[in-house]
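Have a look below at one chain only, the form predicted alone, in structure tokens format.
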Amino acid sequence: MSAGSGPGPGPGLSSGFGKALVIITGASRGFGRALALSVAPRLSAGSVLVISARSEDRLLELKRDLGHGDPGITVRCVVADLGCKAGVESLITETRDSATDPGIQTLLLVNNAASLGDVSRRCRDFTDVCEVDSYLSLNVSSALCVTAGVLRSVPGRPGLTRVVLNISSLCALRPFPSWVLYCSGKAARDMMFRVLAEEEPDLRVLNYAPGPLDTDMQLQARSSSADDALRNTFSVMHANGQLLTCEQSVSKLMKVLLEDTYPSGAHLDYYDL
């Protein structure tokens, strides 16, 4: 069965997510931070927003910024390295503790935490199994384990819409020379969530590729990529102002989530919308 071949799209979430439990990984900067700031005003009183990242200072700064909005929303910070078991478990524990309100209407889990990896080398240069395992632990394994833990903590019931969002990339579909770790991780995550959509037809599952964003990760890409053509392409895009802001991409994503008409398990790119 192809993605979306099960039950049809959801009924739509109108202008907001209602009373919700939202979990965003990699929330301290870049796309994750912009997403948290966009989601918060669309939550009803009594909602809980769980933000997770490795940097406590940046999380607390984001929490302060979120606090300028609706005081009826609870923001909880989870300082965690999702590349290790303890970090994953701490996020799942916080989710379980935040999921006690039977009036929650929406669960939104955003698997955003990721790293680019070493793009200064090519496939033939990766001979250290521990190095590769460490990369995949953060970028693949943690996404699966966090998702499984959250779904177990917040089981389906009538009146509850559960949404699982994977922040994907064009690299999930297209090979980029010298980006073997990133491309492999993104491709694996896309397939993981396509399988989830097939297994759990009551879920709303989306792989969203946000486009080329003007972030620290993009700076690393255009300065460190071993592939000359790729490095030059990104440098030209940056010089010509062709990179997207996180806010631009988040705006399109919000429209997709709230309209709720996408086939569950689909891969949608910023430029397809």
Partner chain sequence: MLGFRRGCFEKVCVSSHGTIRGRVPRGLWKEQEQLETPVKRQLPPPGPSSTFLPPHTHTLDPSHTFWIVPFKKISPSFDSQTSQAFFPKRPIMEDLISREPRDLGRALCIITGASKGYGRALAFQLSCRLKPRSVLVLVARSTAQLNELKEDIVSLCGQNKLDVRCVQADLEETEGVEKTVQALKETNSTEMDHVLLINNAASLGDVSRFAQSFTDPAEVNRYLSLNVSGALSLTAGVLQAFPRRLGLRRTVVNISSLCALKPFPSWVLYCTGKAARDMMFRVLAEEEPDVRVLSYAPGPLDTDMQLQARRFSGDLNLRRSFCSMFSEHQLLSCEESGSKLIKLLLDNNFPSGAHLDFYEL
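It should be emphasised that the depicted structure is a prediction, and the values quoted were computed from it without experimental measurement. Residue numbers count along the first chain shown, from 1.
FYI, the form predicted in complex with the partner chain isn't displayed, but the following is about it.
Put simply, of V140, L116, L160, L165 only one has a heavy atom within 4.5 Å of the partner chain in the model of the complex, and it is V140.
Under a 4.5 angstroms non-hydrogen atom cutoff, the partner chain in the model of the complex has S178 among its neighbouring residues. The partner chain is not drawn, but in the model of the complex it has a heavy atom within 4.5 Å of V88. The closest non-hydrogen atom of S98 lies beyond 4.5 Å of the partner chain in the model of the complex.
Contact annotation: R194 falls within 4.5 Å of the partner chain in the model of the complex, judged by heavy atom distances. Shown here without its partner, the chain carries D125, C145 and C171, all of which come within 4.5 Å of the partner chain in the model of the complex through at least one heavy atom. Heavy atoms closer than or equal to 4.5 Å to the partner chain in the model of the complex belong, across 151-168, to the residues L151, R152, R162, ordered by sequence position.
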